[in-house]
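There is one chain below, alone, in structure tokens, taken in the form predicted on its own.
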Amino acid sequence: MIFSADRRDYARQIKVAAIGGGACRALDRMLLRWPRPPCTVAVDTDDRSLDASRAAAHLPLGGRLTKGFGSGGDPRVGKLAAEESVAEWRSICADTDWMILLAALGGGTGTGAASTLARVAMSCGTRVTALATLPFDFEGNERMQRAQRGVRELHAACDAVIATSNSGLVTAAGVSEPATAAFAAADGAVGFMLTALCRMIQGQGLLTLDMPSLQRLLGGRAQPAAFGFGRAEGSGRAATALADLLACPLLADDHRLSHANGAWVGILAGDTVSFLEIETTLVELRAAMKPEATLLTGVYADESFGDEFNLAAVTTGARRKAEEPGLSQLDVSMPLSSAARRPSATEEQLKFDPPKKGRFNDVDPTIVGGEDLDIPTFIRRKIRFEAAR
């Protein structure tokens, strides 16, 4: 059963679903600074988490399995709980054009349930983008490995996955202490990206973004994506925000704007933003990227931003030609496809030595129809096998 936190209808074009306790808490922090959000849904195995949620709709997972006490940090329980509640989740996905799944990976419900719910949403004809965060470095290898498995499963289930680490978010925000500020900064960065995307898609900006264009930019399940941001106020704010974005630690290596295959960049500023600030920023953004790279832009002006000039970016990485996505070093934004795991052959065709009978060499052959049945059929008939590539 779905319990609604208020009377707003959640059957809208865009929906944001927070999967698991960590994501639900992050969504609550976002909603405090999000005056006109799309429909939001809190999804969890823990009834206490849902009772505290500010989301417009609540979906408890696996009530018969967990009795409302959570998954105990076990992704297998999270997956089974999601499978138990598929029918209720389908009703949420009905008439939804685009579902953004927010998942804090490394625990039980978010890691185990997110990919299952993504597959169900896709089967309903809904576009699905996952915005996933990985554990802080201090949370240990076990949680990180669990989160990395969750990222791979999301890549196999979603249209696109944008993944980043909480430690990277805190570094980008420039917050070192206290701990409450660090968690708030990480959630705030994710919330900023989420609200920027939704505002542009909903057509609430001076320059908007349509979902098909974003989908083409992200390039489907095999394309790694990352996000970054830049912020500034006061004199020279546009130039400072652009410099911050170009140097954002979340956009490292091939995800930097100068190396990316494509990017969406949104400008979010107060209603006093000038045309010159917008034009100069977009021209310099284009100049910072490769000539062949795709650049999509959006502009959103609202008095709630005051004197701020904000830039939000989603980039698609450029894979190095000398590298193939393998198992030596896991990129949390790169799916490990079957092609990546398949070993390459060194010969065009498999070759076989002449047949030998060993200890039965002196035994009379079994001749039927003029053929020696003691010799394997593929050798007798000279069947050639192509080596796997």
Ligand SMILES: Nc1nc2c(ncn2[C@@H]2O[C@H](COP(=O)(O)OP(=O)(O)OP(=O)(O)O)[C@@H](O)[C@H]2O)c(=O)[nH]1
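The model shown is predicted, which means the values in this text are computed figures rather than measured ones. So that there is no doubt, residue numbering starts at 1 and follows the sequence shown.
Same protein, other form: the form predicted together with the named molecule, not shown, and the subject of what follows.
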property: The named molecule in the model of the complex: contacted by all of Pro37, Phe229 and Gly266, heavy atom 4.5 Å; result: no
property: Options 279-287, 308-316, 251-259, 108-116; stretch whose heavy atom lies within 4.5 Å of the named molecule in the model of the complex; result: 108-116
property: Proximity of Gly62 to the named molecule in the model of the complex, heavy atoms at 4.5 Å; result: no
property: Contact test in the model of the complex: Arg29 vs the named molecule, heavy atoms, 4.5 Å; result: yes
property: Partner contact for Gly298 in the model of the complex: the named molecule, 4.5 angstroms, heavy atom; result: no
property: Non-hydrogen atom contact Cys158 with the named molecule in the model of the complex at 4.5 angstroms; result: no
property: Heavy atom within 4.5 Å of the named molecule in the model of the complex - residue from Thr96, Thr129, Asn166, Thr195; result: Asn166
